[in-house]
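Below sits a lone chain in structure tokens, taken as the form predicted on its own.
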């Protein structure tokens, strides 16, 4: 079994899930050798907790340790420099979504990696959730025929600002932070997009960006999807952090409802079952849906890296999702239908 030495840059709140995932993947050949964070207390705590060397400087870490793959779990403004640093050291990299603040910078990251032949993935984990992969299997098995329409929804009033206060200050909020996940799912389930329309709202006081967005997508297959996201949705029960969806096809429909329940309708035949996964020792409700998707994503990246293969969410693939983000913002600003600018 090939041994892949892994380092994690960023030891914040969500990075704990990445660290646990890499420890679980020891059975697949991953060895977590080092962690890095600008905050020495965070770096030291994670190093001690996960039995890894700890650093406050990424260059020093890459100079001192033998590392094959680095998992960059930091805010997006640091991604370009850290991805370039990994490429300069000949180290493969996984970058937390969003890849960059805008499509232009994202394309520059992709170009630099390609010029040096670097292996680069984007940690876009929603499509790796167990329920999402099982729905994809049903679509590929033609269970409901050709998909014609879909709605993919994530609406919550969970206080995302408590753990990430910087979100109050960003000019681009819910589409770039959350909607990007669901736009990727729209591509995952229904294929590439021809054009986009979007409406946004700012419903909460004291924030700079939009906290609610409704995006209408016309796919190149002719199917239509609606992606709707909100951080200011007053609902009981609040289904955070679950993504709910409906997909209608030529033979039937699939829905994913609260608690990861999938329902397949084919005429008089109705099938309903749980399509999530078991709780892990380090996951907990309600975060488990998101946490286990990190593990599944990292397992996929590890396998692809070992084989020298492109992952599903390679940087080039993720640019297509990012193009939908840009198109949504442009459509919301101009009030016009926008065609995504694929590079």
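From a predicted model like this one, the values you see are computed outputs, not experimental measurements. Positions refer to the first chain, counted from 1.
Keep in mind that the form predicted in complex with a small molecule is not shown, yet the notes after this line are about it.
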Hey, of 258-266, 75-83, 218-226, 189-197, which bit sits against the small molecule in the predicted bound form at 4.5 Å between non-hydrogen atoms?
-> 75-83
State yes only if every one of 127, 303 and 308 has a non-hydrogen atom within 4.5 Å of the small molecule in the predicted bound form; otherwise state no.
-> no
96, 214, 153, 156: which sits within 4.5 Å of the small molecule in the predicted bound form by any heavy atom?
-> 96
Of 290, 277, 312, 283, which one comes within 4.5 Å of the small molecule in the predicted bound form, counting heavy atoms only?
-> 290
Is residue 11 close to the small molecule in the predicted bound form, meaning a heavy atom pair under 4.5 Å apart or at it?
-> yes
If you check in the predicted bound form, is residue 164 within 4.5 Å of the small molecule, heavy atoms only?
-> yes
Partner proximity in the predicted bound form: residue 177 to the small molecule, non-hydrogen atom cutoff 4.5 Å = yes
Find out whether any non-hydrogen atom of residue 332 is located within 4.5 angstroms of the small molecule in the predicted bound form, and reply yes or no.
-> no
